[in-house]
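Here's a solo chain for you in structure tokens, the form predicted on its own.
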């Protein structure tokens, strides 16, 4: 089993009287693709914001690559190798694909940045049109461009927030293949939040299930899909068992 790249230990977060994260603990193995799922409002996006430095935890530890990073600001986390996407696609629509890539701050020389941008665009299938205006791309290709752009940071850990929402199954499959390619080609670790369970079950090697600000279950996709606690959290009832009846939760 690979060493954990990210360790979240007993993290708590309140917003006024709302206890959003309740002593949450989990690990993400290096160079893995891990899913983070759960009902709406269970704390998934809050956890992303804690890991990336948008929010500061009230207590607990967030350890990335052996360093406690809890409370570090997003720009510091980005320099350390943590990047994320957002639920709303955020590309500069009046700029070309290549210009979008080069908007990401970098200490690399200009020529090296351009070569790296071309390599990443090739990996996502956008290399043939670097001067195309981003606003002229399809919604799915805009999502791919946003995905590609974060790799200008050369991240070690990428948090993907609902990148499969609103795109066709064919584009979902294309995006999954790109993620797998980046995992193997560049050794990137992914933590994926999505409600498209077909994607989570086919893409992820491990799945973490959140409920009410805590990790309810973890395991392989097959294990969590048959976990009674997960079924109850999503469906609100127990499944039928031999010799028994369905019971409302």
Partner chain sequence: MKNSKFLRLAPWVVALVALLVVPFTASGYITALFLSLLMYVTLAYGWNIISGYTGYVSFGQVAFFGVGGYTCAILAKGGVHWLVGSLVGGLVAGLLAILLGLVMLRLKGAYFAVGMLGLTQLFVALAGALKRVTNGSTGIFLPPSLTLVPVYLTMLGLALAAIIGTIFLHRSAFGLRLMAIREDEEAAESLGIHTTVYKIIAFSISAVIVAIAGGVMTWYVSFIDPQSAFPASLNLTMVIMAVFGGPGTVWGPLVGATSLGLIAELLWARYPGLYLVIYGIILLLIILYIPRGVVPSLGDFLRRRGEPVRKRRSGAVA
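Just so it is clear, the structure is predicted and the values come from calculations on it, not from any experiment. Positions refer to the first chain, counted from 1. Definition used throughout: the rigid core is the maximal C-alpha set that superposes within 1.5 Å between two forms.
Here the subject shifts to the form predicted together with the partner chain, a form of this protein not shown in this document.
* To do: Please state whether every one of the three residues 92, 113 and 149 places a non-hydrogen atom within 4.5 angstroms of the partner chain in the model of the complex.
  => Yes, because 92, 113 and 149 each have a heavy atom that approaches the partner chain to within 4.5 Å in the model of the complex.
* Contact between residue 168 and the partner chain in the model of the complex at 4.5 Å, heavy atoms? -> Yes, residue 168 lies within 4.5 Å of the partner chain in the model of the complex.
* At the 4.5 Å heavy atom threshold, is residue 141 in contact with the partner chain in the model of the complex? -> Yes, residue 141 lies within 4.5 Å of the partner chain in the model of the complex.
* Looking at the partner-bound form in the model of the complex, is residue 179 within 4.5 Å of the partner chain by any heavy atom? -> Judged by the heavy-atom cut-off of 4.5 Å, residue 179 is well away from the partner chain in the model of the complex.
* Asked: Given that the partner is absent here, does residue 117 sit within 4.5 Å of the partner chain in the model of the complex, heavy atoms only?
  -> Outside the cut-off, so no.
* **Core-aligned C-alpha movement of residue 95 between this form and the one not shown, 2 Å or more** => Yes, the C-alpha moves 2 Å or more.
* If we fit on the core, is the Cα of residue 142 displaced 2 Å or more between this form and the one not shown? -> Yes.
* Would the C-alpha of residue 157 be classed as shifted by 2 Å or more between this form and the one not shown after rigid-core alignment? -> False for residue 157: its C-alpha shift is below 2 Å.
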